[in-house]
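Take a look at this single chain, the form predicted on its own, given in structure tokens.
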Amino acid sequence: MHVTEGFEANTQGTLNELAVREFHDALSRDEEVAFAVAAIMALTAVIKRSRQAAAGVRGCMLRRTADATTLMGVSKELEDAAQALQRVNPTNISLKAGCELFLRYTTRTSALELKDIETAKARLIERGLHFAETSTRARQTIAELGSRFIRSNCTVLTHGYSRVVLRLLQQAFSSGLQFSVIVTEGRPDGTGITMAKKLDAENIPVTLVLDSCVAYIMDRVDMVLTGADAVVENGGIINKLGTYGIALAAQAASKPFYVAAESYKFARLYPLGQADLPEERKPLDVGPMLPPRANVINPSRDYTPPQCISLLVTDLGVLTPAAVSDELIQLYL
């Protein structure tokens, strides 16, 4: 192995470790930061460190190598770091989508035409930071747009815990609107209890119901508002298990079903049904009385098709499900 080849391998390994460390640091600093935004911050750090690595190559009087000193090399470093991040949580769809969008955004730039590698990298860093800032502001943008759908004295049904839904409801309540929220318990991890606690802390009237109670209480609901793990190409969503059942109940009762989702959750996926989802399971305690030969099915999420969704409130604007494919094309061009 050449000395430079060993340096390049060590450098990429260091960059991957840096990305994973920055990712975990971002999540630990702020419990409200989304996985995708933490990944975007980590990949921006990789570009910054890449500049230092390139300087290290020259400082050691080694030849200029593709991995350290060309934009193709920078792109390869980012792709490798993004793969390292995705290995942290292989089934997290929004993490994968965030990495893909960041790579498209940062490399789709006139910086690629610059001959000065340092100037080009500085431009990529600027774009990376801008993308991270835009992604961080996404929830507030959605809250401002979506709060207009909340009417005085209405009852909103939401499912489990969603940071963007919480921000939207906080925005509506702070504007002086009086409304109440019904939250499902969100089994198997009980995230609805977290949502109920946070709403109660804001003095927003909240009622917790069993997941199986949704159809029973739908007549008391004026609208359904959920988050999404991912928004897919046909305008449908992948979200916490039970979302599809709630959407069907809302449709049967002629109640609007709204989705609040950040654009970094737009994913290049086209599921035709539940079997097409990436498999993810969470621990489920069914108690000691389960017969030993009985099987347990405990997926953590399901797919809600676009025909069940009224509108999607995103940081790109309020979209119909049919408009999502056009937005995805623009994001990934």
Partner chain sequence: MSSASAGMFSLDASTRPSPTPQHQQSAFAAAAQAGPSSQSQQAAHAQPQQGGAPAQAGGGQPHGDGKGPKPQREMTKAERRALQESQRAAKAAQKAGGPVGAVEKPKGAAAAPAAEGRGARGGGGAQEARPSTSKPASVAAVPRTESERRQDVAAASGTAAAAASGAAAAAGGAAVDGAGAAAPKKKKDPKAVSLNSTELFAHLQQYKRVTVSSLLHQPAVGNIHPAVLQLGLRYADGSIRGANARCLAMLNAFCQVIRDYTTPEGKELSRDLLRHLNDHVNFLVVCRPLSVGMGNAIRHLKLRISTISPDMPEAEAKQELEQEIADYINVRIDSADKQLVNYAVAKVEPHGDVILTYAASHVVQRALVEAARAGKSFRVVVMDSRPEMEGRATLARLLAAGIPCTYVHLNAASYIIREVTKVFLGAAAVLSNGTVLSRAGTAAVAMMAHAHSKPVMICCETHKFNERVQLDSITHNELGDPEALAAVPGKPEVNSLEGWKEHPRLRLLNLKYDVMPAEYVTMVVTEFGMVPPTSVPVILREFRQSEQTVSGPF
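Since we're looking at a predicted model, the values are computed, not measured. Residue numbers count along the first chain shown, from 1.
The same protein has a further form, the form predicted in complex with the partner chain, not shown here; the description that follows concerns it.
Partner contact region in the predicted complex: 262 to 270, out of 262 to 270, 291 to 299, 39 to 47, 25 to 33, criterion any non-hydrogen atom within 4.5 Å of the partner chain. The partner chain in the predicted complex is not approached by Ser75, whose heavy atoms all lie more than 4.5 angstroms from it. At the 4.5 Å threshold, heavy atoms of Thr14 stay clear of the partner chain in the predicted complex, well away from it. The partner chain is not drawn, but in the predicted complex it has no heavy atom within 4.5 Å of Asp200. The shortest heavy atom separation between Ser325 and the partner chain in the predicted complex is within 4.5 Å.
For the options Glu126, Asp222, Glu118, Glu233, the one in contact with the partner chain in the predicted complex, meaning a heavy atom within 4.5 Å, is Glu233. In the predicted complex, the partner chain lies beyond 4.5 angstroms of every heavy atom of every residue of 157 to 185.
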